[in-house]
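We begin with a single chain expressed as structure tokens, specifically the form predicted alone.
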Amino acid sequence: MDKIQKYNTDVLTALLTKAGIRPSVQRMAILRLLAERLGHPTADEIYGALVDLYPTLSRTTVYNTLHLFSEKQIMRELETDGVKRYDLASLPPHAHFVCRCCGAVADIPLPAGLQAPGNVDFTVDSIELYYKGLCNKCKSSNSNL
């Protein structure tokens, strides 16, 4: 999926405004990075990618913004092997593949109609499905694994 074409500035601004979030320069930069970057970045990766462009950006601002975006269901927080990564919530439901060697994360489409089991005593509001293995790069460079 090409996230870059789908999300222009007007769409991102409307997304924040609809969620009741003031679209500050730093929030817009973080949201744009999430919309444009494939690979499910960590908070530190987001900070590192933006700090040269926005020298007043702090790690605290990044963490607080990601928490706010998660709370307002603009993005999803994924935890893979103790590492928190971020993904836009507006993407179609999908599973994730996590490489056990390099830690790369990739989207995998879910089969149509995947649902939580019926007749249970709880309400399911999300399904998290992870596949783990070796990505093609690690598989070819570690042929003995």
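Numbering starts at 1 and runs along the sequence shown. As the structure is a computational prediction, the values presented were derived from the model and not from experiment.
Below, we refer to the form predicted together with the DNA, which is not included among the displayed structures.
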{"item": "Among the candidates Ile108, Cys102, Ala49, Val83, the residue which, in the model of the complex, approaches the DNA to within 4.5 Å (heavy atoms)", "value": "Val83"}
{"item": "Interface residue in the model of the complex among Ala95, Leu88, Ala43, Leu33, criterion: non-hydrogen atom within 4.5 angstroms of the DNA", "value": "Ala43"}
{"item": "Interface membership of His67, the DNA in the model of the complex, 4.5 Å heavy atom rule", "value": "yes"}
{"item": "Residue contact check: Arg76 to the DNA in the model of the complex, 4.5 Å heavy atom", "value": "no"}
{"item": "Close approach of Ser24 to the DNA in the model of the complex, 4.5 Å, heavy atom", "value": "yes"}
{"item": "Exercise: Thr60 in contact with the DNA in the model of the complex, heavy atom 4.5 Å", "value": "yes"}
